[in-house]
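Take a look at this single chain, the form predicted alone, given in structure tokens.
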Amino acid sequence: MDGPLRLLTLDDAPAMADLYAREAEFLAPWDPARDAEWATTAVQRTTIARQLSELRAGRSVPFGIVVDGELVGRLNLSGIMLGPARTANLGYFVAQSHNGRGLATAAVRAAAEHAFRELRLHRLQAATLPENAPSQRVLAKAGFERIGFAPSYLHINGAWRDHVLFQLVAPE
């Protein structure tokens, strides 16, 4: 795959642990509450192994966001449903030091292309906290449209939080 995305491997566990450790404070308002163990190589290896198992089962695609060979973020296509829905959830983050450079937008666009061309999905959905305007701009630039509001949608940073919902439908 061209662009800023590549599939994660078990060899990425140390780099992902380091990335999560460095970005813990930055990610805290946007992520589920995580204990210190999350940013360890062992937990990241287990997490990546589970996601690779989900990849083999056709339910998830775990990507790393890469700049000059360095992992600087994550992007997941998860909850893949085939059949009449042909949909997936999209979630991502980019390290704070790489924000504002168009990297997240490029990664989301590349993931959408992969989802529509390779996985033959019809729709991607994403959700952001209402106050996460930067992520909403990324989704808008990547062609997503706002489709709704979900009260108490996800448990984020220790509380059930409302989310703004977005979708991108495959071109005809």
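We number the residues from 1 along the sequence you see. These numbers come from a predicted model, not from an experiment.
Unshown form predicted together with a small molecule; subsequent notes refer to it.
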Query raised in the report: Does residue 88 reach the small molecule in the predicted bound form if we count a contact as any heavy atom within 4.5 Å?
Result: no
Requested in this report: Classify residue 135 as contacting or not contacting the small molecule in the predicted bound form by the rule of any non-hydrogen atom within 4.5 angstroms, answering yes or no.
Outcome: yes
**Report entry** Distance check, residue 27 to the small molecule in the predicted bound form, heavy atom within 4.5 Å
**Finding:** yes
Requested in this report: Indicate whether the small molecule has at least one heavy atom within 4.5 Å of a heavy atom of residue 44 in the predicted bound form.
Outcome: no
Query raised in the report: If you check in the predicted bound form, do 94, 98 and 101 all have a non-hydrogen atom within 4.5 Å of the small molecule?
Result: yes
Requested in this report: Report the stretch among 104 to 112, 143 to 151, 52 to 60, 33 to 41 that approaches the small molecule in the predicted bound form to within 4.5 Å, counting heavy atoms only.
Outcome: 104 to 112
